[in-house]
Structure formats: C-alpha cells, structure tokens
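Below, in structure tokens: the form predicted on its own, a single chain.
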C-alpha cells in the first residue's frame, strides 16, 4: 500500500503559500486607477491626419470590412506660378471609421500612399451603444496627436524627398522673413533720418497686379516652332506676357506723368501683335519637301509667317515715323504680292518631271511625291504672279 501523508498536511501547504504571497507586491493593477506602461508602437486605434489625405479612396476600396466612409467635393485651386493654369482638387468633407465592424487588420494604414492613416496607442474608446463606435474625422484627428514620432534616421542616411523639400521650403521662408524684417528696419531708420523721404521711397515700388489672360505671341510661336505642345507653349507664353506687362507698368510708374504727353513712339518688337492663323507657304513647302511631318511643318510655317509679318509691320512703322503725315498715302498703297500670299487651287497634283527625276535618283516614292507636290505648287504660284504682274 502506498504511504499516505498525515492528516492536515494539505492545509498547512495552502497556508504556507498564502503566507508567502502575503508580504509580496500584488501582480494585478487596479485599472483604471493604475495603468501599465505600453510599448511605444502599440496598435490601439486607427488615427487620421486629414491634412495628408488626398481623397484617393484607396483605404476605402481595400478595406475588407467596408467600415471606412469618405465624402468630398472639388475646389478650383489658383495656379502656383504666374500665367499657370488653375486646377481642381478633392477636398475632404467626411472621413469616418465604424469600429464596430473594423477587425484591425491594418490594411488601410499600409496602402495609404500619403501617410494619412496611423496606428495610435489609444485603446480606451468603449461605448454603451454600438452606434457610438462610428467615429468621425474630428475624433480620428484628435487620436493622431498621440501617435509617437518616428524613430530617428541612422547616421549618414538620406532624408526622404518630401522631408528634404519641406526643410528647404521652411529655410527659404525663414530667409525671406529675415530679409523683410531687415528691410523694414532699414526703412524705419531712413524714415527717422530723412523725415518725408519714406513716402517717396514707398511710391517708387508700387504693387503691380496683372491678370494672366493674354499670351506673349513671340514666346508662343518660338515654343511651337521648337516642337513643344500647345498646352506648354501657351502656359509659358502667359507667364512671359505677365512678366513683360509688369515690367512695362513698373517702368511707366517710375517715369511718372511727365512723359504722358510725349508722342507715341514706333511700336517695339514685343508690342506688334499678329494673329497666328496663317502660314508661310514657302517654309511649309520647303519642310514638306524635306520629309517633315505635316504638323511640324505647319507649326514652323505659322511661326515664320508671324515673324515675317512683324518685321513688315515694324518696317512700315519706321518708315512712317520720320515722314509724318506725308507718308500716309504711300503706306496706304498696296504692297507687292509675295509668293507666300498666292493661293493655288488643286494642291493634289504633282510636277511629273521632278517626280521622275527623284525616282531615277533612288528616292522613295513618298519623298519624291511630296517634293513633286511642292515643286508643282511653286510653279503655279510663280505663273499666277507673272500673269498678275503683266496685267
């Protein structure tokens, strides 16, 4: 038979364990009066930084529980640079998460491309009603304030592009603020020394405001001739027009009203306006004969037409300026018609001699046909000019 312990041994062992833990610190915490220290990256609740949200809807689409609700509207943003094009962007109206449906998978935090969603260590958001677990963006933004800062980068690590840009922008703003403060201090010192000199100095630099509605035709034609797209050429030409207009207004303000009665001078190259609707036929035919595409040939021919037309207008203005009123009848006399101003019907025909010659030289049929077309047009135009000159 197995040996049995004397009666009362178990009771003594239990009392021993009780006495042992009687003088030790308890392992439990009296929550909520006592709180345990959590890990720095504890995943408690999902927080929102609404200033980073671009309403791309990735989090809502990727959520497996469909517990994220987003509403937005579109607003027009003014251009960042002078002469630029206004753009539209989405503005966040509502961002809500239903934590009664959320299973805390963290997919929304991972897929957010602009770091708008973060894990916050907050976990105390229990409610008496299940409907109260639907939290709007104001509550989610308040939780974002408790998100710990990211760990510092290692020594020699390259800063992210957005962080480097933000630092550079902040430094530029600080330098501008310091320069502005120095100018104001210098203006105060000069005002205290010179008395009435401050208003005159302030009047020299008026605030010039120009609406970016027109374009600088020369810049536009030059960019089109270089092969740029019409959108890029138009935006850059708008910026160039605004810049020139501001410079002109500043120059007029500096000159004052004394030169207002002076006679109007001959138009400067930038002041001559020519509608870029026609083309220079010679340039067009030459480019087509060289094998250029029709789009590029037409663009360069438009620029050439504008350039020639401006040169002609400038020459007429220079001739009319010294001669006064006596030169007016001569200016009204019809100018001699140029080859580029002659219109020929039936531009689908070709000069057979030129075509046969080019084919015999080994040129491709496409190049030979295009050059033969240009040669036929040129001949017909010359014949028409000769007939009009003889008449």
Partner chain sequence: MTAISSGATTYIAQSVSLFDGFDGFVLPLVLKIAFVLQLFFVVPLVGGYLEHKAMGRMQHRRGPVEAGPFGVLQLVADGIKFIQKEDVIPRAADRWVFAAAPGVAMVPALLVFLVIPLGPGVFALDLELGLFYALAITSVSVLGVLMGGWASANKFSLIGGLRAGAQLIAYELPLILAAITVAVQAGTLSLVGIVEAQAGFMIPGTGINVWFVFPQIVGFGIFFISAMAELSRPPFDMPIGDSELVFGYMTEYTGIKYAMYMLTEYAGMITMSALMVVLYLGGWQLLPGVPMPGCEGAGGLFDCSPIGIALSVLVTLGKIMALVFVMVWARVAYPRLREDQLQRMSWLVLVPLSLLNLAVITVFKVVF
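Numbering follows the first chain given and starts at 1. Keep in mind that this is a model prediction, so the values were computed, not measured.
Keep in mind that the form predicted together with its partner chain is not shown, yet the notes after this line are about it.
Visitor: Just one of 57, 30, 38, 360 has a heavy atom within 4.5 Å of its partner chain in the predicted complex. Which one?
Guide: Selected residue: 30.
Visitor: Taking any heavy atom pair closer than or equal to 4.5 Å as contact, tell me whether residue 34 reaches its partner chain in the predicted complex.
Guide: The answer is yes: residue 34 has a heavy atom within 4.5 Å of its partner chain.
Visitor: Is residue 18 a contact residue for its partner chain in the predicted complex, using a 4.5 Å heavy atom cut-off?
Guide: Looking in the predicted complex, residue contacts with its partner chain include residue 18, since a heavy atom lies within 4.5 Å.
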